[in-house]
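A lone chain, given as structure tokens: the form predicted on its own.
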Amino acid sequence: MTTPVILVLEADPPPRLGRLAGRAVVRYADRRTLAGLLPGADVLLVWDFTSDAVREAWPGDGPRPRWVHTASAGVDRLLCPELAASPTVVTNARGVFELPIAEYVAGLVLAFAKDLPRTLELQRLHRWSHRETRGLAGTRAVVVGAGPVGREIMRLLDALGVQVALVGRTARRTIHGVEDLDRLAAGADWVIGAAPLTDATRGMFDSRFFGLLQPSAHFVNVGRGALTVEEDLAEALRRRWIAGAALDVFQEEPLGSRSPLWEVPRLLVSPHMSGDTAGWRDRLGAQFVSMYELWSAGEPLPNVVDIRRGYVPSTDIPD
């Protein structure tokens, strides 16, 4: 029996795959070598999930891996028509990032409500400025994206007394459909983007959307950078259409030092870190090893991405 070949698209530090010793041949590729190594691989582990190398290398002659796993929640950086048309199974790292991202969002909401960014600025200026802050209980939030991340955000905000409406692609039970988004957002104190990037969601947070919000509202995006039209958000903040915003994801990453977003008033910028708590890489590696053991035994894989939709469908959504 031929030993399966796992091809790893490298990132530093590399994954810990010692448990697979003797059960798989592990090879490593970078952007330059990936295309040449793909035909000899049974499995591709996209460890460098910030790279577009898979999308660039996948088209071409020769066989392709039967399974591609990305060490991320989003799959938009690797999907291409040729991959979508192939029989290759694509999986993601669903289950690793949900709670950390939700904790990060809850921290941002608390920070905005309690005016902590201003407190830190006043401390830096050695200025005593007593003021009142906002209570969270009874405020209203709209979470856009009804997958595991959005649901975990809803759970934590609900524990803080926030009234949360969850918006997904399809309305069902306690989840609103996208047709309700404008109405709900117009009355929200907090709007959180946690949706996957698809043709339907790209640029959904634009000047029209920000114009719907209350002047006291805050916007947070922890989904994908291209959900937000960044220039429109910056203009909404400058014109005080909304009270503040936080972006953890951006159209281009890393954000360049000359980006005007660094200087936008009342915008908190963080470097795509909301899901990265201590030990996250080890958890990603352990998840892949567990999934490989299922794959090698011929068992069904979890976290299978619907290529047409661009994400792992929820089990409570009808086809």
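Sequential numbering from 1, following the sequence displayed. Bear in mind that the values here come from a model prediction, so they are computed numbers and not experimental data.
A second form of this protein, the form predicted together with another copy of the chain, is not displayed here; the remarks below concern that form.
Q: Choose from 52-60, 261-269, 28-36, 285-293 the stretch whose residues reach within 4.5 Å of another copy of the chain in the model of the complex, heavy atoms counted.
A: Single hit among the candidates: 261-269.
Q: Using a 4.5 Å heavy atom cut-off, state whether R124 contacts another copy of the chain in the model of the complex.
A: Residue-level check for R124: yes, a contact with another copy of the chain.
Q: So in the model of the complex, is another copy of the chain close enough to L156 to count as touching (4.5 Å, heavy atoms)?
A: The answer is yes: L156 has a heavy atom within 4.5 Å of another copy of the chain.
Q: In the model of the complex, does P148 come within 4.5 Å of another copy of the chain, counting heavy atoms only?
A: Because no heavy atom of P148 falls inside 4.5 Å of another copy of the chain in the model of the complex, the answer is no.
Q: Is there a heavy atom of E235 no more than 4.5 Å from a heavy atom of another copy of the chain in the model of the complex?
A: E235 lies outside the contact set for another copy of the chain.
Q: Can you pick out, from A84, V178, L160, A200, the residue that has a heavy atom within 4.5 Å of another copy of the chain in the model of the complex?
A: Only one option qualifies, and that one is L160.
Q: Could you work out which of A186, A171, L110, C80 is the residue within 4.5 angstroms of another copy of the chain in the model of the complex, going by heavy atoms?
A: Spelling it out, the residue with a heavy atom inside the cut-off is L110.
Q: Taking another copy of the chain in the model of the complex, which residues of 75-114 have any heavy atom within 4.5 Å of it?
A: Heavy-atom contacts to another copy of the chain in the model of the complex: L99, P100, E103, Y104, A106, G107, L108, L110, A111, K114.
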